[in-house]
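Below you will find one chain, with nothing else, as structure tokens; this is the form predicted alone, and questions on how it binds or moves follow later.
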């Protein structure tokens, strides 16, 4: 049975960024269910719980306490049960080192957090309606970094 909504998770330690993110989805006309997590440990506990409904798309901040985004990414990629989750790195950093590291370790897309609400809505809409199978089949470093 497939859900009639897109299940979204966000792991981000910044409360304002989580609020900005959920408000953007509230305004978009896309049927989503959004769950947020304060840090990587909280996220991984959820993903590893057998009763959890796995997200279609996971937005993962890099700089979090307890367990950072790269540590979560590596753990997710080691777990076959989590193979179908599209992983969007969602960070204030646009350092080439971070982009390279997350690309090599299997993230699907890298998004620099916008500082404007309208751009955020545009990016989120594009990401959650993306054909992930098509996008990842031709994934290279040029289309990995999402530019707006």
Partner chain sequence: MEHIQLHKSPLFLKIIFIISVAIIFFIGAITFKHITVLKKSSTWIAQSYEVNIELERLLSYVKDAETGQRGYLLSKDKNFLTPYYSSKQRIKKSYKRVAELTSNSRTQQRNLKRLQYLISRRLNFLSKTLYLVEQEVNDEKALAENSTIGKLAMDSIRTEIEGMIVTQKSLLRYRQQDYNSTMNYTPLLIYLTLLITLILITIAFIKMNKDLVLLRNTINTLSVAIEVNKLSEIIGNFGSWQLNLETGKYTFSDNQYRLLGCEPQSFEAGREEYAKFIHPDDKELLDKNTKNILTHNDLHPFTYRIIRKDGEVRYLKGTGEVVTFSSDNKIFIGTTRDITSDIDDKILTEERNRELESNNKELSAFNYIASHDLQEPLRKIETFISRLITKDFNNLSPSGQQYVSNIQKSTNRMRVLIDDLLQFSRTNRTEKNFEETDLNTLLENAKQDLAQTIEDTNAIIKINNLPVLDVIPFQIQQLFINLIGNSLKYHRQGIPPIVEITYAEVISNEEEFLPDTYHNYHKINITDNGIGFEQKYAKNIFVLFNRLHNKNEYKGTGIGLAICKKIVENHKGFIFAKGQTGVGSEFTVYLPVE
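Residue numbers count along the first chain shown, from 1. Quick caveat, the model's predicted, so the values are computed rather than measured.
Not pictured, yet referred to below: the form predicted together with the partner chain.
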Any idea which of 34-42, 76-84, 48-56, 90-98 reaches within 4.5 Å of the partner chain in the predicted complex, heavy atoms considered? 90-98
May I ask you to state whether residue 105 is within 4.5 Å of the partner chain in the predicted complex, using heavy atom distances? no
Classify residue 14 as contacting or not contacting the partner chain in the predicted complex by the rule of any non-hydrogen atom within 4.5 angstroms, answering yes or no. yes
Within 4.5 Å, heavy atoms only: does residue 23 come near the partner chain in the predicted complex? yes
Looking in the predicted complex, the residues of 110-130 with a heavy atom no more than 4.5 Å from the partner chain, listed in order, are 112, 113, 114, 115, 116, 117, 118
